[in-house]
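In the structure tokens that follow, a single protein chain appears in two forms: structure 1, then structure 2.
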Structure 1
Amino acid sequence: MRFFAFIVVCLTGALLLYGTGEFPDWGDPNSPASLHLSNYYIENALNDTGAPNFVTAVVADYRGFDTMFETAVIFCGGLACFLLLRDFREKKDHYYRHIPTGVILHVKDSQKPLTIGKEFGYMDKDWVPPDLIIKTVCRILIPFIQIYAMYVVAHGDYSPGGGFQGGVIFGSSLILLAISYDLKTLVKRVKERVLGIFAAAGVLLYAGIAALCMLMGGNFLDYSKLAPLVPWNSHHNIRAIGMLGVEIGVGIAVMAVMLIIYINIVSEGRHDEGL
């Protein structure tokens, strides 16, 4: 079976490499995109979309279908990781550390877990002593990283940034929590069910805004059709609000999927030990 899968992967890769021969050269000024699309985007993006950053105008307006399916692919990647790696078997062995004395306890009876608090703390099997300086610095930095991530998401239509970048930054802040403390701390604060809901909600928010534009009589992601819903806003403002909703949806999905993949890979699907 593995040999058959290897053959399929090799044939698919060879087919993709063969197809790249039909692409124009990198930076070719005579390529179709350079002769038609690029000039139009550069000259008309501001008037058409109201976004000063025409990269965002392309991603969240002109190329709306592509970006939505990119978000859907990210969601499917997290779902595939969950289905392939998640292990629901209960772990029988648990390791605890008696905080006042530093004594390590190995409990083999899963029915008798110790209460985590000031006296006992979680401990991985391959335990590394906690570093007070690292934990304190990371605890201070994480809120600022998350604020910056929200800034990147909210400011994506005016400057470089957006949902993908902001989602990665926010997810990285939570991964930093797991690395500086332990994986159990992250899993305890961010439940698996919540991550699944966020991953799906991000895609649905993006698709929902697009569907609402169509229901209002416009095209896919034609934000101007949403103006009747907020009559006190101008044409450009409603487009900015619509783009912000799309960026938030992408950011939520990317953040949740990033954590789903990280938690399942480092813990081998057990959600108990890992980096």
Structure 2
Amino acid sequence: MRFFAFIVVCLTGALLLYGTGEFPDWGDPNSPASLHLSNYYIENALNDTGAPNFVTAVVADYRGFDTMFETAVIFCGGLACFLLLRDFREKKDHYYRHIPTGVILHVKDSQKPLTIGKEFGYMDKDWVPPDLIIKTVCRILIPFIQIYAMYVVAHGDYSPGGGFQGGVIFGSSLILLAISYDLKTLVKRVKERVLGIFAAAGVLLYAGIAALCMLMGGNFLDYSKLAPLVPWNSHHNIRAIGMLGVEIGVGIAVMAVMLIIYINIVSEGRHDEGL
């Protein structure tokens, strides 16, 4: 069996190599890929869309429909994590820590009524004492990371960046919060419900802007029809504004999905304790 697999792998490799036989040279300016459409994009992207970064112009406008579904793929990932991992069952045993002394209480049957004072805190099974340095550094860093994330989203049409990258950076700032403190701190600040709504609303913002173009009498995603909706805009290309809108939607969706995936995986779907 293994030998058979080896032969199949070799054959596939040979096929791929055979296929490269007629490839254009590396970086050849006369290759079809750089002659057929690229020229159009490079020459006209700025005039057509008003986005100086023509990668963004291709991703968010010329082929914006693909990007909408790529965002939907991300959304599907978060949704699949929720569907498969989320565990609504009550947990049987709980751990409480007496905060002033550090004594740990293990309650085996959580159904039994338990009266403990306020000085007991609910904690993870494998809890470690917080480190002051890590906590402080992260607390200082997180807001800056988040501002940077928004910068990456907003500047997508001028410099490398955009919704996906910005969303990931924003999401990771919150994951940093969960790692430096604990998961409960994050879950307390960012409710599961909010994440669920944000994930759907982000993609919906993209699809909504696209559908709005349709309601304004254009084709789906044809941002140029949005002009009457922003009458105060005089010196920006309306397509660039449309792109900014969808990038923000992508950013929100990606941020929320990152967190949904992280929380569900580290807490095995229980949303209470984790890394």
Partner chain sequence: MDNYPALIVVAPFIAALFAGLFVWIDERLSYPIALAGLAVSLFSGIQVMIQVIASGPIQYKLAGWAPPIGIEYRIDLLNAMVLILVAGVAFLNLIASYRSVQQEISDRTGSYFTVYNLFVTGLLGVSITGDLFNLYVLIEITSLTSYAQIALGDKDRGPLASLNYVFIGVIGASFYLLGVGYLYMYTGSLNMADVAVLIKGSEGSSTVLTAFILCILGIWIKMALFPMHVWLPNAYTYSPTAFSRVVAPLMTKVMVYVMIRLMVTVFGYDYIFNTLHLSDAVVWLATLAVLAGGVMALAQKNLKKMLTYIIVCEIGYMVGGAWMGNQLGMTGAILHILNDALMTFALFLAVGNMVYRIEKVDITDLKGLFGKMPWTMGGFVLAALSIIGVPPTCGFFSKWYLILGAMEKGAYHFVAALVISSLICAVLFFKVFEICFFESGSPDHENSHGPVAIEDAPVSMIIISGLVSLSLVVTGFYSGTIVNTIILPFLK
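By convention here, residues take numbers in order along the sequence of structure 1, the first being 1. Bear in mind that the values here come from a model prediction, so they are computed numbers and not experimental data. So that the term is clear: the rigid core is the largest set of C-alpha atoms that superpose within 1.5 Å between two forms.
**Request:** Kindly point out the structure, among the two, that is the form predicted alone.
**Result:** That would be structure 1.
**Item:** CA of D66, rigid core aligned, shift of 2 Å or more between structure 1 and structure 2
**Value:** No, because once the rigid core is superposed, the C-alpha of D66 moves less than 2 Å between structure 1 and structure 2.
**Core-aligned C-alpha movement of L221 between structure 1 and structure 2, 2 Å or more** = Comparing the forms between structure 1 and structure 2, which are aligned on their rigid core, L221 does shift its C-alpha by 2 Å or more.
**Asked** If we fit on the core, is the Cα of P143 displaced 2 Å or more between structure 1 and structure 2?
**Response** After core superposition, the displacement of the P143 C-alpha between structure 1 and structure 2 stays below 2 Å, so no.
**Asked** Taking the rigid core as the frame of reference, how far in Å is the Cα of S31 displaced between structure 1 and structure 2?
**Response** Shift of S31 at C-alpha, rigid core superposed: 6.1 Å.
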